[in-house]
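Read the single chain below, which is given as structure tokens and is the form predicted on its own.
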């Protein structure tokens, strides 16, 4: 157990969520619920082609529609008195290479569209429906150009060039690891195995699509943007750059947000257009993305095609891993994209295993598709999938049980902190108990026996094992800066004890369903010894919270929670000084417990924190030079990342006649360190597993050869549903982070990392009698059926 890990009245307990009453009674206020006097609406005309030259845009018929206020093209934006909105900045570069502005996305284009959905013109009208009706009256003279949607095709000599600055469409060619040492390990190994994994694009598909309501005061110059955001402070900063408008005159507010999964971290053209128009018209302007537009314009996830190799000895000892990858960037390089398939991917490429060497090379390639950026699990999922598929392949080929081969290569519990071959310093870990618990839950030995018996009956059971490492708690700022980040990765929190003794925690994180109001209140209530119901948590408003870095990468618990805990500790320290002064004893003679400051050895001489707060604001009798009030701010910059882990096991049965897959069991054991609220942790894992199963089984953003997206509606896109996600059996072990103030590690991405390889390994395990050793995601029933039909050997190895 961590010495810093708290064990309190609320911390570690399942308590009633503060967020739920308004969410389940309909009182929550999302962006589309907001209204402002004089508000108008916009509809954005988007390119219908994946790649086209724009010869002319005729807006005359749209302008004649009753109720239309104005119709603007890129030419009109440039002619306006306001500065023209520029490009959406890339805010993560490489240590030796900055992504040139030529590859940044333009807010609106007038000469050439490079993907379907790119912004071309804007209609402003008195109501939303008029805006959309008028938008359809705009005529654009397109000259379609050849398109390319595969990164491999885009590198061919005859492929169309998207940007003159990259004639071969390659923006970056990134390399990490020790190539020579890795080659030596491969030469010395008894065996090498390889897999090719094209990781399909995924649509974020939050329940609430992106939207914004902008207001502007011409007299004060204040611009307010209420928007669906995971990161209001970053949006304020980027909007300032895009509009060339002072940051201190911009307020960004995130009201209730219906999910994000990463797609609401970074800035988009649409929100910038909405804000610019509010200034241009000096009227409130609202934009809401219809679902099909969201599919076209939200940054997609994944898109990394990998070729991986494993060097391994006869006894199952893994020596090294080597990877070549091509990431489909889309038509532009999005805000954070450079970090995802490179630094983040590389960081967990050795997983929970003790390897001798590793090397990877990743090329970023432009295509005529929507830009790609962070999506839950980012490219950590790809690294995990690759490694776990290699482990399954090696186990099968060497005749070693897939559980045993993992056990033989785990980093031992007594080796932490452990520096990996990828340069990460794993903070703590104990992988075997999580594996053992998962095996116990699924009754692994009995299950293998049942599998063998069923095969004799012509039934095909598959058991898929996946062990994983999650890299969470993004910071520290200095390390992120060394890797190319253009912002800090600390977190900010201000804890204010009011004169009455109630408490408000102002947090720089920005929750969108995770339960921050509950979990942060649990931390504060225990730290200050006040009732849980007396704590309010405020997030998502740049005017109320001075600084913040937002919510993503499972950082709110370890980093945001760390800031909250440290802020509360500072409040207690100030309270101790006031108590010592009022009780006329030395500071070291004051103890604090359960909300009371008491003289050591004389518990009847005490003051409650509520009494201290009253005295702090009264200000009549405070220590010399102490300022009144009871409020403290903490900027917590973690000393390291955190590394949650676990093992998931999927059990499936496949009907070889139809390819139909049925989940028999799904067991997951996670270790995310200390748990602030076990119910919320379980909810996070459940959601992550559902998304991971979606990627494994059905989700894929599909483009045709002309760059037309074929999965823009929910009729065409395979979201996981209640009848396609099995009942999840979850448990956990607890290995606290030793450097975190509250011992937590984060859990948001765990299920998303574990589920895809667990499911795919289960399918491959089931199909082993057919001689099938690999299937690509999404592993639909059709994919399974086709693989069986094309297999060279039938059940039992018959030719």
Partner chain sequence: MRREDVSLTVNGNEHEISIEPSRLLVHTLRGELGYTGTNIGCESGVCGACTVLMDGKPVKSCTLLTMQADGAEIETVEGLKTNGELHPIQEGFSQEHGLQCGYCTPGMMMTAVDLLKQNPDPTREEIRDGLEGNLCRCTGYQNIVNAVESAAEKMHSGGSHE
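Positions refer to the first chain, counted from 1. Because the structure is a prediction, the values reported are computed rather than measured.
One more form of this protein, predicted together with the partner chain, exists but is not displayed; see below.
Using a 4.5 Å cutoff between non-hydrogen atoms, residue 722 counts as a contact of the partner chain in the predicted complex. Taking the partner from elsewhere, residue 691 is found to have a heavy atom lying within 4.5 Å of the partner chain in the predicted complex. By the criterion of a heavy atom within 4.5 Å, residue 375 is counted among the residues contacting the partner chain in the predicted complex.
The closest heavy atom approach of residue 360 to the partner chain in the predicted complex falls outside 4.5 Å.
Contact with the partner chain, judged by heavy atoms within 4.5 Å in the predicted complex, is confined among 727-735, 756-764, 42-50, 55-63 to 727-735.
Annotated contacts: 16, 209 and 261 all touch the partner chain in the predicted complex [non-hydrogen atom within 4.5 angstroms]. This chain lacks the partner; the member of 257, 578, 571, 505 within 4.5 angstroms of the partner chain in the predicted complex by a non-hydrogen atom is 257.
Only one of 674, 539, 699, 328 lies close to the partner chain in the predicted complex, with a heavy atom inside 4.5 Å, and it is 699.
With contact defined as any non-hydrogen atom lying within 4.5 angstroms of the partner chain in the predicted complex, the contacting residues in 665-704 are 679, 680, 683, 684, 686, 687, 690, 691, 699, given in sequence order.
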